[in-house]
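The chain that follows stands alone, in the form predicted on its own, written as structure tokens.
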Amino acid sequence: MANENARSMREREYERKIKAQAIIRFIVCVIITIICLFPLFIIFINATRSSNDIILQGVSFLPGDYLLNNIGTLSDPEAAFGSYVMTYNVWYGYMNSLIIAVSSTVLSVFFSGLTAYGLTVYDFKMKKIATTFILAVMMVPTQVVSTGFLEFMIRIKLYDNYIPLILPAIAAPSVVFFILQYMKASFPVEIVEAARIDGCGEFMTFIRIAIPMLKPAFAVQAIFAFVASWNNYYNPSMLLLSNKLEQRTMPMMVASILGNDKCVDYGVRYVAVALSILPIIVIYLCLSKFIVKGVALGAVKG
């Protein structure tokens, strides 16, 4: 009887510890969430306020009624910049950034998945060397090779268009590495052998079998690739030499607004930033259910 009472007390003590740890984890997660979302919240709130309210009142947690006026001012070059030339057009920005981001994301995820599939399924002499080379390329910053890349694009007359902003996405070593780790953890190579016995071709095996099984990894990397391409200011500003409004991406337009000393309306600035991050939030919400599963499986080597 005494042993049973002692065991029951230990069990209750253990349950209390588990509940306390769960509460602490929950509180920490809530705090981190607030810290992460607070800047976005302030951006969207300030986008609805006038410039005078932002300057005089500072931070506010309640939205204003100046959103349409800010959007109208942003769309009117004379109201926003006086005699300054128009540097912002949300539709041009969305169209150009979507063309580049969607195209580069599709190419990056598809060809990186195909590369990781080849490194996982096939055995060849240079396999380890190829994997090591891919990891080594990950360590090279883009800025290091940007000058040579720009000179090369000028020589072959591919500057001032979207081709050099899209095609290099085919070679994405970080995406290859992640999908490779994911496949090592959760992709059964035996299913490929079964498909070969059934007469399925190598490429169709990748399309019909590998891609559906790699959907979580593809979704996670699609989010990261889309966000990176959408937010990319360095490469477009370097390669789009004519700097035409019809060619500018959304980050280029936002940078022109924030860097223009003739646009002192803070409400207009916040609207420009809010409009630029809105598509990223939509894409994230659509694919976020794959993130936890994809990252958890891709981070563990089977």
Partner chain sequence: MQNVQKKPAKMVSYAKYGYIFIAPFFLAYAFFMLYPLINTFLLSFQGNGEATGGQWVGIQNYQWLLFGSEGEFSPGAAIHESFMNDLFNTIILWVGNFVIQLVLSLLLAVWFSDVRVKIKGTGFFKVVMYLPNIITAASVAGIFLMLFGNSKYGAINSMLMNWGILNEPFKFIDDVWVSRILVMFIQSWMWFGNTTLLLMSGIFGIDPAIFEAASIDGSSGMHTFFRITMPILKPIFIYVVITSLIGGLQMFDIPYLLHEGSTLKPQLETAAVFIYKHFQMYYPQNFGYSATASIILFVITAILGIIIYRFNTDSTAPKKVKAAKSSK
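Source: prediction; values computed, not measured. Basically, rigid core = biggest C-alpha set you can superpose within 1.5 Å across the two forms. Positions refer to the first chain, counted from 1.
From this point on, the text means the form predicted together with the partner chain, which you will not see here.
S.K.: Mind checking whether each of Gly148, Met153 and Val273 has a heavy atom within 4.5 Å of the partner chain in the predicted bound form?
M.R.: The answer is yes; Gly148, Met153 and Val273 each reach the partner chain.
S.K.: How about Asp123: is it within 4.5 Å of the partner chain in the predicted bound form, going by heavy atoms?
M.R.: Residue-level check for Asp123: yes, a contact with the partner chain.
S.K.: Using the partner position in the predicted bound form, report whether Thr105 sits within 4.5 Å of the partner chain, counting heavy atoms only.
M.R.: So Thr105 does not count as contacting the partner chain.
S.K.: So in the predicted bound form, does any heavy atom of Asn96 sit within 4.5 Å of the partner chain?
M.R.: Although the partner chain is absent here, Asn96 would stay clear of it in the predicted bound form, with no heavy atoms inside 4.5 Å.
S.K.: Would Ser174 show up as a contact with the partner chain in the predicted bound form if we use heavy atoms at 4.5 Å?
M.R.: Contact check for Ser174: yes, within 4.5 Å of the partner chain in the predicted bound form.
S.K.: Hey, of 211-219, 67-75, 182-190, 153-161, which bit sits against the partner chain in the predicted bound form at 4.5 Å between non-hydrogen atoms?
M.R.: The contacting stretch here is 153-161.
S.K.: Quick one: which residues from 93-121 get a non-hydrogen atom within 4.5 Å of the partner chain in the predicted bound form?
M.R.: Phe111, Leu114, Thr115, Tyr117, Gly118, Leu119 sit within 4.5 Å of the partner.
S.K.: Hey, does Arg248 budge by 2 Å or more at the Cα between the shown form and the other one once the core is superposed?
M.R.: Arg248: C-alpha displaced by less than 2 Å between the shown form and the other one.
S.K.: So, does Phe38 move by 2 Å or more at the CA between the shown form and the other one, with the core held fixed?
M.R.: Phe38: C-alpha displaced by 2 Å or more between the shown form and the other one.
S.K.: Would you tell me if Leu239 moves between the shown form and the other one by 2 Å or more at its C-alpha, with the rigid core held superposed?
M.R.: Shift at Leu239: below 2 Å after core fit.
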